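Only one chain is included here, represented as structure tokens and corresponding to the form predicted on its own.
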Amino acid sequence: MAHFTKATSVKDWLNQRLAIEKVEKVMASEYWIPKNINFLWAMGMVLAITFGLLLVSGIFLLMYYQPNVETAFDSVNYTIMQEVGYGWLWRHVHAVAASVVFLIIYIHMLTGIYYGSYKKGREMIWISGMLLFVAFSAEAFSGYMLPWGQMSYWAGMVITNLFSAGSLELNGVVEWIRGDYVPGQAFLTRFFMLHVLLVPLAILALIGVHFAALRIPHVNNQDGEDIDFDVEAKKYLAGDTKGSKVIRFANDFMSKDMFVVSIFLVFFFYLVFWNYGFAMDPVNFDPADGLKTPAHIYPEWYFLWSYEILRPFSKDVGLIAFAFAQVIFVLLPFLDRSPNVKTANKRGLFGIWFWLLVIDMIVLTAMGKLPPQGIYSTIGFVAAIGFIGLWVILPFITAIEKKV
């Protein structure tokens, strides 16, 4: 009894100073979620769990990784993979999570587009989400440099060359980023700092902004229905849980979230133990050699679609197209001029536009892995033009869309 009283007094003391009960209500038990949503709304929680796996596995890898051009490769491929107990497991978890997280991000993005979750006061949810995508991309690229294998070195060389801005030849900017004329110790040290400190801090901050933006206008639903959350919440709290159109975030929606997460983790650990090879480029198992260029340089699969937009054009036009691809998704809430907050299949031309975009990005991804020659070059060029064209026509096809 004394123990219970003591625990209660501690809780009361903390509650008076940190408003624990109020925060719990605002963020969980009285944070209302529409009933008419499906499993795709759980992708945010799946992303949070995957990011957690990346953080934990990254901390274990950090214990043995050596950010030095002379020892980095061996510290990853020999020390961690062969000498440290279960080091191979933590590397597999980190590599698979780094790849799978982008699959979930793309599903999350496309779900938002399909259901119009960027519209009607939800613009900041979308913008903060796209900034998170940029931060995850920076984290993935900086992490890809750390094993200091052949593809790490040459991918770093190619990507940093983009900052020369084509014919402007801003080579001083490239050298400033690398810390040298070519990737070397300064380059590796800088990207190590970005990967383990600066970018993760940015990701954590953006997750906070994203969740805050999500909390204010509330979550969208699969019917695009405009729900009066205050009225529906009162119904729920009055005991009319069946008649109410909302449920609690905790633990009603959270239980559904965790069910989807559990299925995801089965898939994830299947990849970790039996099919981890897809997340590790064979070329990167050769030590970095600045005098031996790989026959075909390409990024990881999640960057291939934007890389393929760059390749078919001349240097300057390619850079403009590449920059266009990086920025255009952020502008989606302002390019879609329709008042409808409906699923894409109920919006006529927009539904066709959405599926053409998905197909086009898949084609760009497939072509980005193949050598730019023959029919592959032609298909890549058509797909790149198609991607740009789809975004150019979006304001026009949505402006004529009738309200349904």
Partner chain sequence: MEKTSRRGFMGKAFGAVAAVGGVASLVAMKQTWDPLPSVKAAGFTEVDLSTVEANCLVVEKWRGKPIFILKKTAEMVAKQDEAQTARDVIVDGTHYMIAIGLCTHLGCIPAYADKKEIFQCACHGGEFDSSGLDIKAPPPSPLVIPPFNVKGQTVMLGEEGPEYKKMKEAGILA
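Numbering follows the first chain given and starts at 1. Note that the structure is a prediction, hence the values are computed from the model and not measured.
Keep in mind the form predicted in complex with its partner chain is missing from the figure; the text below concerns it.
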Exercise for the section: Give a yes or no on whether each residue among Tyr153, Val158 and Glu175 has a heavy atom within 4.5 Å of its partner chain in the predicted complex. Expected result: yes
Handout entry: Any non-hydrogen atom of Leu310 within 4.5 angstroms of its partner chain in the predicted complex
Key = yes
Exercise for the section: Verify the contact flag for Gly179: yes if a non-hydrogen atom of it lies within 4.5 Å of a non-hydrogen atom of its partner chain in the predicted complex, no if not. Expected result: yes
Exercise for the section: Tell me, yes or no, whether His296 is in contact with its partner chain in the predicted complex, where a contact means a heavy atom of each within 4.5 Å. Expected result: yes
Practice task
Spell out, yes or no, whether the shortest heavy atom distance between Gly277 and its partner chain in the predicted complex is within 4.5 Å.
Solution key: no
Practice task
Please determine, with the chain shown alone, which of 82-90, 262-270, 116-124, 286-294 has non-hydrogen atoms within 4.5 Å of its partner chain in the predicted complex.
Solution key: 286-294
Problem - Heavy atom within 4.5 Å of its partner chain in the predicted complex - residue from Leu162, Ala323, Leu237, Ile107 - result: Leu162
